[in-house]
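Only one chain is given next, in structure tokens, and it is the form predicted on its own.
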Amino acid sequence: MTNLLLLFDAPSLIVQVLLDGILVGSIFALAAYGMALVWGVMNIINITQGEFVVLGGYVAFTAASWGLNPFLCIPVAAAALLVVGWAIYRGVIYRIVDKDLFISVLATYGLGILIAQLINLVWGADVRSLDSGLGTWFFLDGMVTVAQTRVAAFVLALVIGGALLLFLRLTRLGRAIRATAQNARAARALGIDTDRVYAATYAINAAICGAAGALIVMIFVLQPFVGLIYTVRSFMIVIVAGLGNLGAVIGAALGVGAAENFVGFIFGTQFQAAFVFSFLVVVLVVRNLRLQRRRMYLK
């Protein structure tokens, strides 16, 4: 409880922890965008989400080691994961689109294990990080520091979210994705190639995760087997925000990032992952109770 008392004694620490949490939460929002898209359109819970994030980070790290500017590595990682996502859909995912939701969980969980092992085989188990080359801003006489990399990640997350929203509203493929999400059978009856829509949706999801991974490797460190925690964060954010609402996804992601950062400061960073899993359980229990009450009311 010493750290909790420290927050009250030094209000600038509250500002510091809150800002760090919000800025990091924006990156969580990127992975959650993709999960919400795949879940809403294809009715698949993509457990491979975190592994796509990690793979994107390693692609960005490799591109930077070849001399590319770290921020130019973001579109490279996104493009590489776009191809990977499309290939995985054509190889595996198309077989489970119309299956039970639990089958999608098992299939994508197995894919996640496979991707993590391949990352370990290609890049090794050592942690990786990438220097963005940006500095730090100081506020309140140096009591509050803001890493410019995190601010850039926050801006990019908002830009990508806005671009995704405009894509879904203004482009022909985006409208086809929305129509398929609303009613796939009716979309097929109207001549929409839903298989193409599903392939594009899954590939776009992977590309967004690749961009998130490229940002994460500049802020944190990555190793092949940390993907699950990003999957859980994405799932929790989507559950809190609900499907089909990107604005709510951003808000939920910022809230989760801030809460996780406060927990890490007060109890220690070793409890951050435990908080994420515990909070997920609480959210699921609360949602289940609400659904039970709604069913009882309808009866």
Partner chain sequence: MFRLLAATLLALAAIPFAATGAAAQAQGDTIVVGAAVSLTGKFSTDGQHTKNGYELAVKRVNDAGGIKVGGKTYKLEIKLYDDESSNERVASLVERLIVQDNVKFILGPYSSPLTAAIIPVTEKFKIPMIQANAASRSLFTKGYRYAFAVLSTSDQYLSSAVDLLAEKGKETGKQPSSMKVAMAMGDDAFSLDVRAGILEAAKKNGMQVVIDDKVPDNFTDISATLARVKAVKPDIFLASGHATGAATATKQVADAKIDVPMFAMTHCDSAQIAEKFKGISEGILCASQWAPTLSYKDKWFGSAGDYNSLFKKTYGYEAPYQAAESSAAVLVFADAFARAGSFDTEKVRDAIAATDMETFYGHIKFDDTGKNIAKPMMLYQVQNGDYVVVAPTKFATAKLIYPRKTP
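We call the rigid core the largest set of C-alpha positions that still match within 1.5 Å between the two forms. Residue numbers count along the first chain shown, from 1. The model shown is predicted, which means the values in this text are computed figures rather than measured ones.
What follows is about the form predicted together with the partner chain, which we do not show.
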- Item | Which of 170-178, 67-75, 186-194, 143-151 sits within 4.5 Å of the partner chain in the predicted complex, heavy atom basis | 143-151
- Task: With heavy atoms only and a cut-off of 4.5 Å, decide whether Met218 touches the partner chain in the predicted complex.
- Result: yes
- Taking the shortest heavy atom distance, is Asn245 within 4.5 Å of the partner chain in the predicted complex? no
- Mark Asn261 yes when one of its heavy atoms lies within 4.5 Å of a heavy atom of the partner chain in the predicted complex, and no otherwise. yes
- Does any heavy atom of Phe225 come within 4.5 Å of a heavy atom of the partner chain in the predicted complex? yes
- Note on the structure: Residue within 4.5 Å of the partner chain in the predicted complex by heavy atom, from Ile96, Ile229, Ala199, Val105, is Ile229
- Let me know which residues along 107-138 have a heavy atom within 4.5 Å of the partner chain in the predicted complex, or say none if there are none. Gln117, Asn120, Ala125, Asp126, Val127, Arg128, Ser129, Leu130, Thr136, Phe138
- Comparing between this form and the one not shown on the rigid core: C-alpha of Ile266 shifted by 2 Å or more? yes
- Residue shift check between this form and the one not shown, rigid core fit, Leu19 Cα at least 2 Å: no
